[in-house]
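In structure tokens, one chain follows: the form predicted alone.
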Amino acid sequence: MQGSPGGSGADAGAGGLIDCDVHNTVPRVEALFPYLPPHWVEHVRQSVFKGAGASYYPKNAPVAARPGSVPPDGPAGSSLALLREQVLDPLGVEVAILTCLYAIDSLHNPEAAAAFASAVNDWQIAEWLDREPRLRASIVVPVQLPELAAREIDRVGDHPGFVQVLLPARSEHPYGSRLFHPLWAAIARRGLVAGIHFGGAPGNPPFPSGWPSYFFEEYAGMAQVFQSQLASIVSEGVLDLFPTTRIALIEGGFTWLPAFMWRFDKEWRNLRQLVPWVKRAPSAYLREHVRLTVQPLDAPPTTEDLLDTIAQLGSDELLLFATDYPHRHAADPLQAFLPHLPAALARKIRGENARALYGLPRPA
């Protein structure tokens, strides 16, 4: 990105840094044994079933792991020690929000999906939250089974370490569908954020046109999936039915949002009689209820273009800082993004927007 910084260099470092996307990875299915019912431990040991996939990324995809993030005894993201060494301590992170991508949504056995989701959440409490006070976490749920997902949210949703429910961007049905009302009701009941994150393994193609040939296509095109979820959530009345809903779009970028809002508003003016319960322009709902992480950073080539894109969002409260550790990206927001912004905006993105979204207290 060309151009001079927006006068915020030193000021961008002021205030607490809140990292809204840090991945903790289940190292192996045996790590969940202490938290699983004996039946499932025996089933894993005696059958070919070995739990869900640990990630939505191909094992050797370049984006999956930055250099030095893979511990000797597990996959990238499975070491709390490395997280402290590579993110929490050197960046001075005040709070990091864990997003565990253990693919519960790939399990077709409902009892297995519920049991493994509960095990992952208990594992997160014991192995991460109890060991590091700077961490908060996302509840892993069987999104394909909304009533069981709601039950899991109610089971652990009052734990102070959980601030979010993790929803894969790819789903069998769009999240605005009334099938998901029990899920949204539980999220609202517990005062949690709905974190819609890149990826998903529901079994259906990631695009309406069918299956892509390469992971590159899926990764580059994931913004379309985020857009489809927003269109569904607004159009089917979720934000009217559950008006306290807060949504974070995680690892989907943000520069696509202005054009999407323009089109969404235009078509609502043309077709609003089809969705009379949508009382306001869709962009108004999105600005009120939705926030987005800045990583992966799809920045335009100049500082002027970047500032213009942010201005087109229509609010300085929409963007959240994230490293997406341990995933690798071409641009580091701390170096290639925040120093180019006005100081007040940089401080909001560094932490204040996330503090408001997740209800995090200010440090004493």
Partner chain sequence: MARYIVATADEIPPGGRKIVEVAGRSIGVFNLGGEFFALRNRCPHQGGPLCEGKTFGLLQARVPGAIEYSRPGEILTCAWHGWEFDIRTGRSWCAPERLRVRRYEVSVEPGDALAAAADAPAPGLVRGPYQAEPRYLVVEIAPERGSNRAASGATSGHGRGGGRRGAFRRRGWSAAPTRPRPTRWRRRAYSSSRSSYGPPR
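Residue numbers count along the first chain shown, from 1. All figures in this text were calculated on a predicted structure; none of them were measured in a lab.
Only in words, not in the display: the form predicted together with the partner chain, which the text now covers.
- Using a 4.5 angstroms heavy atom cutoff to the partner chain in the predicted bound form, none of Ala103, Gly203 and His327 count as contacting.
- With the partner omitted here, the residue from Arg134, His173, Arg84, Arg151 that has a non-hydrogen atom within 4.5 angstroms of the partner chain in the predicted bound form is Arg134.
- Of the candidates Leu129, Leu80, Ala223, Ala231, Leu129 is the one whose heavy atoms come within 4.5 Å of the partner chain in the predicted bound form; the others do not.
- Exactly one of the stretches 210 to 218, 157 to 165, 113 to 121, 140 to 148 approaches the partner chain in the predicted bound form with heavy atoms within 4.5 Å, and it is 157 to 165.
- Using a 4.5 Å cutoff between non-hydrogen atoms, Ala76 does not count as a contact of the partner chain in the predicted bound form.
- Interface residue remark: Ala344 is not counted as part of the site for the partner chain in the predicted bound form, having no heavy atom within 4.5 Å.
- Heavy atoms of Trp256 never reach within 4.5 Å of the partner chain in the predicted bound form, leaving it off the interface.
- Contact between Gly53 and the partner chain in the predicted bound form is not found at the 4.5 Å heavy atom cutoff.
- Residues are counted as partner-facing when one of their heavy atoms sits within 4.5 Å of the partner chain in the predicted bound form; in 187 to 213 these are Arg190, Gly191, Leu192, in sequence order.
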